[in-house]
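Two forms of the same protein chain are encoded below as structure tokens; each is given separately, as structure 1 and structure 2.
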Structure 1
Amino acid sequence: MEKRAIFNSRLFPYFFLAPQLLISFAFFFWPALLAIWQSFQKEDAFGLSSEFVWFENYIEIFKDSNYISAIFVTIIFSISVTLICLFFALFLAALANRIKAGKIFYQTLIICPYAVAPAIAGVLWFFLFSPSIGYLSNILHNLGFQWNPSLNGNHALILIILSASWKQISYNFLFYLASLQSIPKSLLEAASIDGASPVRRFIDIVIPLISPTTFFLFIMNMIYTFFDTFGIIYTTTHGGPGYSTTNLVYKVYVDGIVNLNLGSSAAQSVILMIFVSFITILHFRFVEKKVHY
């Protein structure tokens, strides 16, 4: 859709677009082009000279067992967090949608973790689960379970999955609640008159109707676990022990900033860019169909 009423001015629109485009060029497009350029370069050990090596960095990445492990960590982490958040958020939203009194009270408390920084969420959960002083690790200990995320890779992975899910549940909850509230009551009443039980109604009517929201949340949760969880990993496990909690973004950081392996870090960035582009296009294809201006 386009506006019928528009202004005629040749310079004005450029003037109004300039700040955004300027910042985008300086801090988005130029660095992205630089990353692509760097991904084809290899520097010597002292960073004094570099040469053009075509796809050597890319080939090396996929030969690197730590990179392959980071792919697996990313997949396990993302899928676990997404499923946990979708399930519990929908469960809580469905309950909150049923009740009349106190909806705002519950909503207020449930959205709090959303406002907490990922890095702080990491600190809170790190402390709760730290061996010998953490409340939850002591409970596990008393149950005879040797909990130690700094030594056991699986424990570390569970720790970041819990912290990341805790923060994301609020987000999914709000979208599910909005989506549930928009379902026409008459539809559910009709089914009720036909004798459908609440569980049947939920499975046969509600779940299909909210499936667009589920798809949207699935994509948003993937983006969240890929890109917004750096602070959680940095404060809880530092990607360890070993590489057991190093996901793709964390590895870009470690290789680029800590190990100063610029070519490899840049090649990893480019792979991630291709991935985000794919998911963004998928998302907008879908949203364009759903949203009617």
Structure 2
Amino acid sequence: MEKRAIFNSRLFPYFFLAPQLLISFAFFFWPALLAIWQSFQKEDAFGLSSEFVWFENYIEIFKDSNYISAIFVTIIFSISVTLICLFFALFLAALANRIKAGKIFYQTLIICPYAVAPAIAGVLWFFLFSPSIGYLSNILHNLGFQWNPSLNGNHALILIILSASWKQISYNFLFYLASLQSIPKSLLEAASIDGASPVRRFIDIVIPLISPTTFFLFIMNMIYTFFDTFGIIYTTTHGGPGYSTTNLVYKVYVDGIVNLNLGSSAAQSVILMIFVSFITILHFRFVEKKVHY
């Protein structure tokens, strides 16, 4: 039987909701409204004067070749990190689900990178692949591969993809492990009795049953690559060389903080806000209702 709270006054529910509403307005809605308002204005570098210019900032950013480059970098970066994280996290979770001895130690070891801050993860991978002192870069040089992310844009992009993937695999691993452990053993045993090989059981039973988790992680990884990888890019490549590793979030920082073009930076923030709203609607629309097996 469902329990319901009964208040003597109609104002009591609003009284209890007030702190949450005030915090949401102060830290989410008010800054968002300011960003929208600022995206329609042009300000001088010191913020002393401003002019309402309607959609001029939006038109200018789509004429900017560096912004178009940032869109392509963001797409390549997001898809690469998402696919790497999903594949390796599922592989590691499948192994962790089968081992008997040392399971806790193995799981803890895989989860550790998730506790590392993005900026620290970027510094770790920067030193590992540093052309002069990096251990892994020395191995590549000994193999005859001239690795230099400071001068080669492709190398720099690979570096931030590896760093961001290493940081996020642990998050995916936790969800996949929980999902694998929730699969009824009777289904796998029945398929085994019917003669299905381990690979066939994994493809025909396990992957369909964990598809809701995969879709959820796909959305979360895309959000992660868009917004939580700023620290990694800042500490490894600073968006360079050139604009080869500048994604959309880092472009907002460069235009707003470095170039002091506040109107353009606000317009880019609004575009990212629209994208996040779209991803959120997609998440609640399909994860909660459509993906079932």
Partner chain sequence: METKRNFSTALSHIILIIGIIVIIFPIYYALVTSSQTLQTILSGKTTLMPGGNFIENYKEIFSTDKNIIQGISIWRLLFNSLIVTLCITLGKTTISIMSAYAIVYFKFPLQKISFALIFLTLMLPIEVRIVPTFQMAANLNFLDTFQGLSVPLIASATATFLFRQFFMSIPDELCEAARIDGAGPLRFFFDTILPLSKTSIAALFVILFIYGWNQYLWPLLITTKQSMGTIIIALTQMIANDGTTPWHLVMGVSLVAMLPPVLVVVLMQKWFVKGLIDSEK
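The structure presented is a predicted model; accordingly, all values stated were derived computationally and were not measured. Each residue is numbered by where it sits in the sequence of structure 1, with counting from 1. Think of the rigid core as the biggest set of C-alphas that the two forms share within 1.5 Å after superposition.
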Worksheet, complete the sentence: Same chain, two copies; the copy that is the form predicted on its own is structure 2
Worksheet item: Does the distance between the two CA positions of Phe15 reach 2 Å or more between structure 1 and structure 2, the core being superposed?
Response: yes
Discussion item. After core superposition, I'd like to know whether Leu260 moves between structure 1 and structure 2 (criterion: C-alpha shift of 2 angstroms or more).
Written reply: no
Practice prompt. Spell out whether the Cα of Phe275 moves at least 2 Å between structure 1 and structure 2 when the two forms are superposed on their rigid core.
Written response: no
Discussion item. After superposing on the rigid core, what is the C-alpha displacement of Ala26 between structure 1 and structure 2, in Å?
Written reply: 2.6
